[in-house]
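Below, in structure tokens: the form predicted alone, a single chain.
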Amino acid sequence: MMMNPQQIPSKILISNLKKSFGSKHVLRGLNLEVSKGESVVIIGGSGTGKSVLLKCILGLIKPDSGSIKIDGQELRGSSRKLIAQAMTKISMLFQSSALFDSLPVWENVAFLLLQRRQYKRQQAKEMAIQQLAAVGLNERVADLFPSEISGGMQRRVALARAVIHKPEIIFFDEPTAGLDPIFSSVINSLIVKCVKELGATAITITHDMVSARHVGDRIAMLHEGKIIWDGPAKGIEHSKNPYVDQFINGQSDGPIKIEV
């Protein structure tokens, strides 16, 4: 059942967000609200601004104007200290997994715990092994290096790393990119499991409509820098929006024009 924003407080609230790179206007007054504990998937074609949106929330890119609030705290224009505090609530699973090749799997998973010096190395390793088990990987994997495991296993390791410190907000950037349908299904199920167990708020950006329907409570479509449709994941086939219909059905003909 989709959550009612009037009953559940906003975890993330983005208002009239704009970002341009020279003459290229990427975000053109984007508005998005995500309730606490809700999983929202953002779809849209390549170059429509999905990754730019995440980078703006993470503070990696400075928006030109607009508002970004987490738990009611305005991030845009805030002090570094307040932004850093907000960022401790957030974790991310990167499209390429982004594991450190020079570190064994367990150190990749426990990287943040070790960086924050919250635990001794043996404690951190034990926690990493437990988290690996939660994503279906056995203890033998812990001492291997990323190059010694498959792409699907690497994505599981990246997921374990993303959730080990129990974040309140998780971003997923194309979580099934490059995976075969079976591994994609496994990753989708693990994402749902981890998010629900944590009670986390999630934003996923993806082109994979199977993944979008699986992990999302709600789907929002980004086109030309704005959210043009927003609704329940289960009802997207009945959106009655020609842009959404063209995108989810993979049609070449429609209002979305592809530059060749």
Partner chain sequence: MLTLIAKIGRLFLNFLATTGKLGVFTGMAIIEGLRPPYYPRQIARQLIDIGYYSLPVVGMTALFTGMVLALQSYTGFSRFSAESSIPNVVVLSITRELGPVLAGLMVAGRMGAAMAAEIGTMRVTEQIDALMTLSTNPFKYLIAPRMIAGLTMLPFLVLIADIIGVFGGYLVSTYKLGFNPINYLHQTWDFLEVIDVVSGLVKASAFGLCISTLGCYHGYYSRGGAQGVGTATTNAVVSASMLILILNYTLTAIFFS
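Remember, predicted model here, so these are calculated numbers, not experimental data. Numbering follows the first chain given and starts at 1.
The same protein also exists as the form predicted in complex with its partner chain; that form is not shown, yet it is the one meant from here on.
A heavy atom within 4.5 Å of its partner chain in the predicted complex is found for one listed residue only; from 149, 177, 127, 90, this is 90. For the candidate set 36, 223, 55, 218, a heavy atom within 4.5 Å of its partner chain in the predicted complex is found for exactly one residue, namely 55.
Annotation: in the predicted complex, residues 123, 139 and 141 none come within 4.5 Å of its partner chain through any heavy atom.
Of the stretches 180 to 188, 92 to 100, 129 to 137, 71 to 79, only 92 to 100 has residues with a heavy atom within 4.5 Å of its partner chain in the predicted complex. When its partner chain is considered in the predicted complex, residue 112 lines it closely, a heavy atom lying within 4.5 Å. Contact check for residue 228: every heavy atom lies farther than 4.5 Å from its partner chain in the predicted complex. For residue 161, a non-hydrogen atom is located within 4.5 Å of its partner chain in the predicted complex, even though that partner is not displayed.
Although the partner is absent from this view, residue 60 contacts its partner chain in the predicted complex, with a non-hydrogen atom inside 4.5 angstroms.
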